[in-house]
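Consider the single chain below, provided in structure tokens and representing the form predicted alone.
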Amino acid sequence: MSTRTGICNFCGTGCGHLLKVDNGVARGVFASPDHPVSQGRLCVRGWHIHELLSTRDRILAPMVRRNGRLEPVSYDEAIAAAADGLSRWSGDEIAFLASPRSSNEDNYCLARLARTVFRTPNIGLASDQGHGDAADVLLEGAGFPAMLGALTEIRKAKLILVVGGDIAKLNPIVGSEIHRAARRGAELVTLSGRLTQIAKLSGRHLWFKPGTLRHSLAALAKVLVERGWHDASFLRDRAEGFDDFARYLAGLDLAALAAASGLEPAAIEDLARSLAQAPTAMAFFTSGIAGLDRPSVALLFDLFLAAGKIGREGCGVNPVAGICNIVGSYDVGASPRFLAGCRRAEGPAAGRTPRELLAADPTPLKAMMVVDRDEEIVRHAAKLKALECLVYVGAYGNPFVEFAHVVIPSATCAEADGTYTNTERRIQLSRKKIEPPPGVRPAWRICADVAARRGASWPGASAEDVMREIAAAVPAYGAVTYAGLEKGFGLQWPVDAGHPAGTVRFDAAAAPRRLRFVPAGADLGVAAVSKDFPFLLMAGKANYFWHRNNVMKKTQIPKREYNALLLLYPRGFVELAASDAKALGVRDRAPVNVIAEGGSMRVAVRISGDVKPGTAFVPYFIEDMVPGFLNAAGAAIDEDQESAIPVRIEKV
């Protein structure tokens, strides 16, 4: 038995672990005591990753659908079928869905396959709303399209503002580090529409009405600027656009913002004052499949910029990625809006996400290649089933396989060399620890073989060769080498000739240009309740039901917790305040209909103190609700984690 170092493949924290391997099988996992991010910790998901890696639910052989049935074929036959099937389509008829769990090398090759071989810009991760908007704002404001601070500097922040979703459950080790900083004396404040776990651990919780995060952030900025609490010296030396931002705020009515958000004016003023007076401050929010929308991220960025809390030690605006390699996937160009190196894709190079193409009615899509994903299957199962060519590449059994015309097995993260870039831009090398099943190859190799079938010859013969290509194409990876990454626990980009040892955080003093305020847009509209729809409904995630659960169901403890809750609420639940449940005449676990304009769903009531009267919350992992309710009634609450829609709740 041996123990091999590796990187957790679940969320974007990028915890270090030690994988116990016996006879070529992952038998256990331990936390890496020296890893700078996780520091000897793993969350409930990370402690069970060996169960995922050793699951028997593997795809072991290439398959091609013939006469309606998938039949085992040789690897070369599957590659030929995939290449020939995809080549029949062009433009918006074809798209590529990448995986944020794949390595940088895998996603770089998939993006290259899409753009240079099949000549389509339609490649995405299904996380453009969540993480793409955050990257877009930070690129515009700071020229730095990812976390501006660092997880390793959380303890240096004197004020920590957590905005929106429950970071304690979505990224538990980041939540743990924030809680640890609070116990050491940092002021921890949560700004959210629910009583989340991190809100319960906070010294202050500003509990706004669902759907009014923009109002809350705008109110904070307006008070900070109009009281003269902004950092004038920092703005004069490092920023531009402050006058326009001040004029935008002057046009807003503070009393109206406070009334819309439900926050007390005194609470707004106290937090604005604390932010201004704190010597260092950080903001955190979760990003990924669903995160904050662009106006919300822009207002948060502008608030911290006005306070002078960007580009300095212990400061920063920090999106926390939901899946392990979302940041790296954007870095290498697996996006319709960014090319490799986070260069904006413009003109013909700008594409549409597979999600956008599938949502169109009728969809123009005829063919798609999907790598290790399952989110879209719930939302658009009928359209996926109708595709002329669906190629699925993945390691594990997956609902996509049911509809695929070609299935090609790929190696897991433990069966191939590859790099993963965590949420603080830390590029980490995960070496091969286990032999893959016979004939199974890494996804980057599969992409190269499909390209070769279409006449493109790619020179790389190893994952390390692909990283050399990435280093040439992505300036922030310019000095990255496998040898350099193996000397420690990875390197934080930019890693280039000027920063060969990496860059812990964004440094405003060393930046090539001044910081810029990012326009948030004029729309501060808010969903309003009515006599017919008197509740505001929010949707979100939970830690045991992570990302539609395709991988969680292959690990025992998360699966147990999921099944235990399903025993109580087999069709899912909606959280209601006790007073609302009493008014409706329902008890816990009683069935109700949740009705919005255009759609409805039947779930059980879960009485909770985490929502205020007049509001409701559903975890959106419940599969039936996605096509039956969200598609028809509430796309907004699936696009932005802090939005809400009016609904009516009826006793059944």
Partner chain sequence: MYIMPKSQARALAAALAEDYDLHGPVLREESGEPMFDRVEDPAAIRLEAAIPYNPPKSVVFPQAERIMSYRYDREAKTVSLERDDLVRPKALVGLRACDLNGLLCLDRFYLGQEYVDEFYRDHRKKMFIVVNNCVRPFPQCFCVCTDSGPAAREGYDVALTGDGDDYLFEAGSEKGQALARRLGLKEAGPGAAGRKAKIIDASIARFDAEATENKAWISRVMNRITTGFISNDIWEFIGDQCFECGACSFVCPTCSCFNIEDINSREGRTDRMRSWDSCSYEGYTRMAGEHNPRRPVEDRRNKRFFCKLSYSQSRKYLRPGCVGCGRCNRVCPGDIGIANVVTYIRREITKAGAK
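Positions refer to the first chain, counted from 1. Since the model is a prediction, treat every value here as computed from it, not as a measurement.
One more form of this protein exists, namely the form predicted in complex with the partner chain; it is left out here, but the text below deals with it.
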| item | value |
| --- | --- |
| Interface segment, criterion being heavy atoms within 4.5 Å of the partner chain in the predicted bound form, picked from 611-619, 33-41, 594-602, 66-74 | 33-41 |
| The single option of R516, R312, K169, R445 touching the partner chain in the predicted bound form, heavy atom within 4.5 Å | K169 |
| The partner chain: the contacting residue among I173, A239, I434, V189 in the predicted bound form [heavy atom, 4.5 Å] | I173 |
| Candidate spot K366, H380 and R571, all three touching the partner chain in the predicted bound form (heavy atom, 4.5 Å) | no |
| 4.5 Å heavy atom contact, K651 and the partner chain in the predicted bound form | no |
| Partner contact for S457 in the predicted bound form: the partner chain, 4.5 angstroms, heavy atom | no |
| is_contact(V29, the partner chain) in the predicted bound form, heavy atom dist at most 4.5 Å | yes |
| Proximity of Q197 to the partner chain in the predicted bound form, heavy atoms at 4.5 Å | yes |
| Sequence-ordered list of residues in 555-576 near the partner chain in the predicted bound form, where near means a heavy atom within 4.5 Å | Q556, I557, K559, R560, E561, A564, L567, L568, Y569 |
